[in-house]
Ligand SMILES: O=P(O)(O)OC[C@H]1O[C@](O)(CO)[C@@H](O)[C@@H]1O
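Before any questions on how it binds or moves, here is one chain, the form predicted on its own, in structure tokens.
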Amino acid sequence: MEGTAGVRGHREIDLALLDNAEALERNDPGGMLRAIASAGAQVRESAALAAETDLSSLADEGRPRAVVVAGVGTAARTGDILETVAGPRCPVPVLAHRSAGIPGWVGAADVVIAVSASGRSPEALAAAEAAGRRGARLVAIGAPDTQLHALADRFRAPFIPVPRRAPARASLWGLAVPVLLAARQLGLVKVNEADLAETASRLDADADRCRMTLESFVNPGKSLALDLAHSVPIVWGSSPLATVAARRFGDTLSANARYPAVAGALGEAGRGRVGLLDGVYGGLAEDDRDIFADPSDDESGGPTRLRLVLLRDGGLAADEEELDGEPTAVEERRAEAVQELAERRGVRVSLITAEGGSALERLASLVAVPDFASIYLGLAHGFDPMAVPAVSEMKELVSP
């Protein structure tokens, strides 16, 4: 291999393509836009499938010592979602485990949730195998009639089937909801049916706002894609919930749009990474910008610059502020400060603010539009967001 197998696309962004629904559909043969638009349906379907699964054995032995969510990529991200939705009230630690097997301390007092969209991830399979051997309570989540399903049957563990209709990165909600409902059975989260229904409705509404037939100036997904064109995206979340969404955006920008992104918590950024605003792609690059130039000029060339995407979440209630390690007011002041720092240096900022009455719905409001933006950005560069050649080659090179 020369390292270019299956590589296609172009460096310049095709502005006309974004407002041509027929061309978008032709350039998305795998249907990634449709897959992401199904997020609300994923919530409903996976909740129904989890309800049909007997999870009573999980709670029979009472509260666990710890919960380990084992998987890689999007599967592991569901562990981050569980930890964040459970919040500071969670009575036991939750760990998203991203490597093969499980930590050495896991035993009969713990619960392992093995997650794999394909049902054959080596990491999830090794985790399920180890959990079964050590006597830990196990629940498996993934495609039915697979190796993971067989392992769950072997250890007489609950298995929640999630039909695979798209790549794992387009199945976040189909995988996350069963994880949350398994944790609810253990008494670790308070996610009720109304929360799930409101989250699904939120995802449906954002999918409608981001549909391919809407032009860029009224489509927030396309608008955000244009904001990020020819930039180095810096995605920071103001709270733990927003940080999960920020890291998810970093994942999808890499896979769907092939854009490098710095993603993480604003609190961490304030201890060092905020210095990027002063760097060669930040303030130094902005010194040469013509303040009277059309912003669209950046989309057709010019030096690469930072684009700050700030995900803000003001929290839900005052009592939650008291339980957090850091009050919401401090998080909000930090978000305002970094936005002001960026604007002083001429670094442009895209702001997304959480909405909704539950933690899960607020997370959905921060994830949905960026998901669409990553796909539109990839399509505008001529990429097929469904096919990521480097991922396929990587799997071939490392497989036994």
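Only a predicted model underlies this, so the values are computations on that prediction, with no experimental measurement involved. Numbers for residues come from their place in the sequence shown, where the first is 1.
The same protein has a further form, the form predicted in complex with this ligand, not shown here; the description that follows concerns it.
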In contact with this ligand in the predicted bound form (heavy atoms, 4.5 Å), from 222 to 230, 73 to 81, 132 to 140, 279 to 287, is stretch 73 to 81
In the predicted bound form, do 116, 121 and 391 all put a heavy atom within 4.5 Å of this ligand? yes
94, 181, 168, 212: which sits within 4.5 Å of this ligand in the predicted bound form by any heavy atom? 168
Any of the heavy atoms of residue 8 lying within 4.5 Å of this ligand in the predicted bound form? no
